[in-house]
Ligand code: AMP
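Encoded as structure tokens, the following chain is the form predicted alone, with no partner shown.
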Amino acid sequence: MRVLLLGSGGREHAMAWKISQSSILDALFIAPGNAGTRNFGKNIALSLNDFNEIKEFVLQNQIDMVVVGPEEPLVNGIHDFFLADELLRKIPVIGPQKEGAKLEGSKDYAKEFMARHSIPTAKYASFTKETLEQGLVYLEKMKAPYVLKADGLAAGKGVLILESLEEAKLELYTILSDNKFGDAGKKVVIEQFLSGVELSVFVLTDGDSFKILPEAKDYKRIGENDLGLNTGGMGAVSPVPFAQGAFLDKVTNQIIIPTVKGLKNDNIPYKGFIFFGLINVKGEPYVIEYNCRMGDPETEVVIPRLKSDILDLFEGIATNTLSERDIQFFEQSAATVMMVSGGYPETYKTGLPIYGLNNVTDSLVFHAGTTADGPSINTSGGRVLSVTSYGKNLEIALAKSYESIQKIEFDGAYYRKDIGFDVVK
């Protein structure tokens, strides 16, 4: 099988690493990829949202399957583009069509879907510029802290949690009247704040059946003890000790099954990953958000724990035979710690040489924001490297990752030293 994988982050490096191990792989291309993915396939300079350019490459290189890593091409309809094209329609795309991707692309759409199918989530209401006054009144009825979410994709910056009513009102006004988040903020979801521990659960589905992947917990804040600005993720661990047994049964029966059935009942075809951003409130799971793809850095701990051939599972999705495929996991725990550029998530430098990568022997190093300049590997993003290790428990896995991270250097490198602290203490 000749596969094109779209994306350039740590998620795609982990997927390229896993796909390259498949017994049915003939060739792997990654577009655009990074300095790490080139070790598992051929990097190709393609724009993720130029579907005609992707079409040309797919046909010229006899691609048999397209795996979509990030959300943007899915929300923009790459799967629909393939289905509408006579030359492409028989080439499977792993990732939902535009309507299914709206579960991530529109917070309001996702909330309506959950309400329709009785899936537990926080109480909410949605407002636009025209209904701003009602939004301000709605905030007065809420208790602090106040949760405001831009309806559309805002590059991970569209969720605000505010302590004071005055601040919440000002932010609502700024988003709707002053276009703080551009088109993504044309509608705002105001949501009840839920207090609990967050985790992520992932499934693969062909639209009829599904397979549950290992769960993970990621750490979003830049600072230790979960303080400071939100980031794309500073690390992750899997498994999550409390997400077993009765709790996982509740997730399956109250959230996963109603979601997959709901998509089918609503005639929304869905082939690919569903990411459930959950919160455990006193032993009860609630959905905070859906994503239409795998998370990052969660992929860097979930995919290493997958024992099965990932292309065999993708083939099951493409042919609606996922229920017949075997899925197995490694018993070992996995932990990843993210190395980021100094100043991230605000202003940071790029183009900094990275040293010591070849010194790491006990961990997997997944590249998130790197480029290759001949033999030299340089930083090209805020989140640079994800250092993943296995262990018979999370303590051992984390210790290995922290040991490996000491061997890697670039100017201004920063990482959190407390990843996993809350689940292993």
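Heads up: residue numbers just count along the shown sequence, starting at 1. Remember, it's a predicted structure, so these values are computed and weren't measured experimentally.
Omitted from view is the form predicted in complex with ligand AMP, to which the following refers.
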Listed residue that, although ligand AMP is not shown, lies within 4.5 Å of it in the predicted bound form (heavy atoms), from N179, N225, T319, Q192: Q192
Quick one: of D85, D208, E198, D249, which gets a non-hydrogen atom within 4.5 angstroms of ligand AMP in the predicted bound form? E198
Considering ligand AMP in the predicted bound form, find the one stretch among 310-318, 125-133, 288-296, 345-353 with heavy atoms no farther than 4.5 Å from it. 288-296
Any chance K98 has a heavy atom within 4.5 Å of ligand AMP in the predicted bound form? no
So in the predicted bound form, does any heavy atom of H79 sit within 4.5 Å of ligand AMP? no
In the predicted bound form, does R325 have a heavy atom within 4.5 Å of ligand AMP? no
Does at least one non-hydrogen atom of K220 fall within 4.5 angstroms of ligand AMP in the predicted bound form? yes
Enumerate the residues of 81-107 that have a non-hydrogen atom within 4.5 Å of ligand AMP in the predicted bound form, in sequence order, or give none. K107
